[in-house]
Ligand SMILES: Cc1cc2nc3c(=O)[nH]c(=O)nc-3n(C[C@H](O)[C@H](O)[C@H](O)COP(=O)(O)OP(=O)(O)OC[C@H]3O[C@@H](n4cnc5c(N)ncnc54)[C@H](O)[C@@H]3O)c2cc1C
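Form predicted alone, single chain, as structure tokens, below.
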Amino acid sequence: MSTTEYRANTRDMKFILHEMLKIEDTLLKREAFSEFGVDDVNMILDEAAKFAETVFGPINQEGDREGCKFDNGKVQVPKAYHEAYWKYIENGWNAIGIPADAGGQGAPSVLTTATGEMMTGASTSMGVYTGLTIGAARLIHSFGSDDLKNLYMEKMFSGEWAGTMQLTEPDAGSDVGAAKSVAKRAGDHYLISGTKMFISGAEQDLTENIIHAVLARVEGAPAGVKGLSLFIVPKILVNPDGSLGEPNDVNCGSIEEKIGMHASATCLMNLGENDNCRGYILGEEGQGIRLMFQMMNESRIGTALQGVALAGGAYLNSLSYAKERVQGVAIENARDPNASKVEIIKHPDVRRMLLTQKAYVEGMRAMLHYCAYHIDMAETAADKEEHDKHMGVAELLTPICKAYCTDMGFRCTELAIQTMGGSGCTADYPVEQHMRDLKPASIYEGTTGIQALDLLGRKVAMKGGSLFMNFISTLTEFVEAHKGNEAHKDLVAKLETGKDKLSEITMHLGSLSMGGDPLYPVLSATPYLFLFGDVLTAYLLTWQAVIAQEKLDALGKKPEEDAEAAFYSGKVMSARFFVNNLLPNAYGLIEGIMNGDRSALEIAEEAF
């Protein structure tokens, strides 16, 4: 592999889908996905990799350097993005996960998670435009009237028109309930007025129309999130016959200069400057935040995908570099002045950095596919009990996926740069862009702190704590099933300790909250989320190691002799390294939570 090109890891994706989750024995037997066989899944993965590597990959650096240009309310995306976008549309990649009743291929989420990782890893900014459109179109598909569906869905799902999500406002930020945008009833529509900021893709020249999903408060509605409603606001009004009419009163005031994602326009939007911005309600008045959560949750998983995609790309680039870069002698020959120089992958510290990246990337990739699998199983469940069981897993894990994958993914890109040394800091290699492009992901769609509050304050406590207890039961069943595994019983034992500590911490924080101390649990929420993420990753990697060891034993070959043996051996080593070297970091988080230190709460503001 080149040290400067994007390459997809389809072998790991196929391992997760077929050998770990075994979708052909479960998911693909469901009527909704019965048209997808193993060969179909593998073909789609291979073709997606080829497209990502040859179409999106080559425009990534060019797009970063050219960036978006703003002039008099209009945004120009990088020139190369136009041809790549329409190739994406023409090849049907936008339609792969679209419901069949809306003209798409209806592929399961586990498959679109894999293809999405490849497209996002190859060009993150492009992935923002395509992903937001599908999310906005799904809102109309789920909650729109027949008229709205007829006017908008086909052209959005086809990619002819784009879509966005408009929540954030200048004075509200992450406090969505403080939104000041107003909607006035005006016959069959509403007149929207307000300002939205940090809106990705809200103005661009890729498509002839952009359909915005906008949160606003109908006049007279109560304060807070309960008073918000959700509206479809087109950039250009659409006539009853589907043709484009007059421009709507929707204007881009500026775009942000950001740390990364330079080819993705982040816009300040002014709605109703001339009191003539038309919006069309989705659902009913006051349902806005509940309806928008569909797109928000999809976007949170999509943002988590950015973490995995960019970390994965950076890891493979740094791995290639380490195999090619010759510097220094082997440590055992350090005293020999005539010793030959070696590739840096032979140096112990470089190997540590590479295996750290590998373990996190493989664990996070498994985490997202595991979550997507349960979403698929829930959406195709035969009854409510089965639906609630699988959806409970997805609901519990969504904030962990979003926060853990974006934060730990960023650290992987940092390690990739460190592995490559000075070269990693230069624009000659893509890893510095990976790092810059990934940083915003831990902030938008709800910061890490917000995800932590959602996890500890909402998801863990949902349904009397049953979601959390069901997860612990899953880990307990795994531990009981494999504690006698001679090859991995030490890993299983350490996983069991992590599981028990997670339960203990959860009960401890819950008792503090119920005892009248809400501040300390909130202070501990983010460390708690990373503790949870570490235990979850340890579980998924140990699960993979058990499978890989069986396959490795059956092959009877050495990693140096056979590519498949090397792959399975790598899986085992990823798990061993994570559980033995990275999971112990969680015990420091435990100590920090349990010691009860309230310095951050008690320090005077003047003392900071």
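In case it trips you up, residue 1 is the first one in the sequence shown, and so on. Note that this is a predicted model, so its numbers are computed, not measured.
Keep in mind that the form predicted in complex with the ligand is missing from the display, and what follows is about it.
Trainee: How about residue 453 - does it come within 4.5 Å of the ligand in the predicted complex, if we only consider non-hydrogen atoms?
Mentor: Yes, residue 453 lies within 4.5 Å of the ligand in the predicted complex.
Trainee: Using a 4.5 angstroms cut-off on non-hydrogen atoms, would residue 168 count as touching the ligand in the predicted complex?
Mentor: Heavy-atom contact with the ligand at 4.5 Å: present for residue 168.
Trainee: Using 4.5 Å between non-hydrogen atoms, is residue 199 touching the ligand in the predicted complex?
Mentor: Although the ligand is absent here, residue 199 would touch it in the predicted complex, with heavy atoms inside 4.5 Å.
Trainee: Would you check, heavy atoms only and a 4.5 Å threshold, whether residue 440 touches the ligand in the predicted complex?
Mentor: Yes, residue 440 is a contact residue.
Trainee: Exactly one of 297, 380, 266, 115 has a non-hydrogen atom within 4.5 Å of the ligand in the predicted complex; which residue is it?
Mentor: Contact with the ligand in the predicted complex is made by 266 alone.
Trainee: Counting non-hydrogen atoms within 4.5 angstroms of the ligand in the predicted complex, say which of 142, 174, 473, 91 makes the cut.
Mentor: By the 4.5 Å criterion, the partner-contacting residue is 174.
Trainee: Which among 106-114, 445-453, 281-289, 343-351 is in contact with the ligand in the predicted complex, heavy atoms within 4.5 angstroms?
Mentor: Among the listed stretches, the partner-contacting one is 445-453.
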